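One chain comes next, on its own, written out as structure tokens in the form predicted alone.
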């Protein structure tokens, strides 16, 4: 059944206002709900494997079941939510196998998208990369102040998507965006309070500078290494916590 245990939405019941979702013709209530739930899953606010209680969610967001189901359907296609007959909706579980698949696919698709962007991107694309890099490098990330973490995460995502935005392939960009969401779900939960074992800011700068210089092999290899090292760090964190 969809209306099982009361723990399904966790802190969302405290943080989300009962109103505020309006269909403006561009962003339906379902799409707005999907965005809110997507962020809750990626940030770890909704735990992996937890049940999503439709009745509780409907009351929490003050919406009908129709837009709620629409939003959840979007998250199923994103790989963040699962649905099973007679068991309802659950946040997709995490695993080493899933992380390794996401990492390997990012290495292939994101690097290919960067290569295509360097082939097709214009001067505006180059400028967008350097602006995104500047904003990211100027953003503070302090584990003691959660608001800085949220801002850094948003700018980090913007930088990675801007890098590949010149590829001219909408489907490829869509797939890369989905993979980045799935990857960020692991990274934000397991690396959020660590300083890392490398200079991430320098890595971002090297990738960006190589991209705008159209040094294809250099920029693509730097991006591949960047993604791979993050995946390795995450795999070690999951293994240390006994996650198989």
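Computed from a predicted model, the values in this text were never measured in an experiment. Numbering follows the first chain given and starts at 1.
Quick note: we don't show the form predicted in complex with the DNA, though the next part is all about it.
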{"item": "Partner-facing stretch of 204-212, 39-47, 171-179, 57-65, counted where any non-hydrogen atom is within 4.5 angstroms of the DNA in the predicted bound form", "value": "57-65"}
{"item": "In the predicted bound form, residue 69 touching the DNA (heavy atom, 4.5 Å)", "value": "yes"}
{"item": "Partner proximity in the predicted bound form: residue 29 to the DNA, non-hydrogen atom cutoff 4.5 Å", "value": "yes"}
{"item": "Interface membership of residue 87, the DNA in the predicted bound form, 4.5 Å heavy atom rule", "value": "yes"}
{"item": "Partner contact for residue 34 in the predicted bound form: the DNA, 4.5 angstroms, heavy atom", "value": "no"}
{"item": "Contact assignment for the DNA in the predicted bound form, among 112, 125, 152, 83, heavy atom within 4.5 Å", "value": "83"}
